Structure formats: structure tokens, C-alpha cells
Ligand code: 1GP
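Below you will find one chain, with nothing else, as C-alpha cells; this is the form predicted on its own, and questions on how it binds or moves follow later.
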Amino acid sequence: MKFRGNVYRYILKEIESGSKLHFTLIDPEKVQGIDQLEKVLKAVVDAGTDAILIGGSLQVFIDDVEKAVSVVEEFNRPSILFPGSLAGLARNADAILFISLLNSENPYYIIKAHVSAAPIIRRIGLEVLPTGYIIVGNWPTSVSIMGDAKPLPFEKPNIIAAYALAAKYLGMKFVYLEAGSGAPQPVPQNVVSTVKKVIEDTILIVGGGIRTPEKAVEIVNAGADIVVTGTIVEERLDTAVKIIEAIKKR
């Protein structure tokens, strides 16, 4: 486990060197077998993706997550859990996004799930990446429905930025703006730039609805430190590769 205990330092070093990062999100429930997963990972790693997120909102089981992590280990990239529930934990991963869904209306997704998860995470020795997770957009998504969150509209960038600033002041190392899996459009540039301006050196992750290299480059140019793609990897792997290449070449 080359990256275990060093994932945050790895990410920070890359960002401080001037790089913009790309993370590939793998949903174990949507990958059809080990051969398909290996094919996907080879393509995105060859293109330059910097880490692999593993998780999903529905039908994710610990066995599936651990199998996915074991395959990721072959590709010399950090495996980072992106759990939708306690079933998304896996002892063989390098790190976990310890996500507080800040605009959930249910305390379970803000703090109570974390209380249940924390002793398990400590026992299995996962590196924790504290993350303020903010669902944005003008539509319901799987994650907003499952997390009892009311998405913050794109037309209110200052409110979104206030949530992000609260995450920074709470000591979180990452802020993640999520438009949702399969969102009809990604987070707009003005929202990204407004948020990045207030959180400054806190690492900004942006995901959801990113379907073209041009949109990905717009988002990183607006201030995102890390771009996440998932659905496009499942639907059009060739386009996903072009997105990664565009981010790494900018």
C-alpha cells in the first residue's frame, strides 16, 4: 500500500506544484466484472488520472468495494473511498473522503453517520480526508434524494460560497461541489470561482455533469483543484480519457 497514510500529502504536493488533478469515480455496482474494471482503470491511468474514488449511492456492498480496491492496487494510484453509507467502507483502501453533507436536512448525513463510522475507520487504519460536501444544482439527483439534501441553486453562488467557507472554518481540508451523477449540466464557472475565492487554499473538488474536455478545462480554469468524473467513464470511456488528457495538458 504505497499511498496509505500519504494520500493528503500526495494531493497537496501535486497541487502546490501547479498541477490540476483528476479523480476517476468507480461505482462497484455499475462495473461489470474484474476484466471491465481493469480495462477502465488502464485507460484512465494511462490518460493521467491522479486517484481512484470508489463508491456509490445504492447497492454497494463491502465485498464489492474491497474487490474494486484490490484491482486499483495494481495501477499505482491512491484508492480513496467515497462512501454513500457504512457499507462503503473497506479495510484495504488507502484513504476515505470523510464527508459531511453540509446542506442535508437530516443530521444523520451531517454528523451521525460519522459517529458510527469513526471507530471503524480508526480500527482499520484508513487515512481520513475531511470533506465538506455540498450538493448544488436545480434538480434532484440520487445523492440529494438519498442524503435528504436540498440542492443549492446555481443562481445563488454567494450562498454556496458561504457553505464552503463554513467548511473551511470547521477545519475541513476539502470542499466538494457536487452537481450529482448524470446531472444535466456541471457546476458553472462563476460558482466555482466564487467558492474558490473565499476558501482560498482549501482544496476545491468539483464533480457532476462534466461531459466534455472543454467544460472540464473551464472548471479548472475557474479555480477547481480537482475534477471528478464518473458517469462519463461508465458511458463513454473514450470521452472520459479525452477529459483527463485535457486537464493534464492545460
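Note that this is a predicted model, so its numbers are computed, not measured. Residue numbers here begin at 1 and follow the sequence given.
The protein also exists as the form predicted together with ligand 1GP; that form is not presented, and the subsequent description refers to it.
The closest heavy atom approach of residue 82 to ligand 1GP in the predicted complex falls within 4.5 Å. Contact check for residue 226: every heavy atom lies farther than 4.5 Å from ligand 1GP in the predicted complex.
Put simply, residue 193 is far from ligand 1GP in the predicted complex: not one heavy atom of it is within 4.5 Å. Taking non-hydrogen atoms only, residue 181 approaches ligand 1GP to within 4.5 angstroms in the predicted complex. Contact with ligand 1GP in the predicted complex holds for none of 98, 132 and 147, as no heavy atom of theirs lies within 4.5 Å. Picking from 171 to 179, 98 to 106, 153 to 161, 114 to 122 the stretch near ligand 1GP in the predicted complex, with a 4.5 Å limit on heavy atoms, gives 171 to 179. Taking ligand 1GP as positioned in the predicted complex, the only residue of 24 to 40 that brings a heavy atom within 4.5 Å of it is 25.
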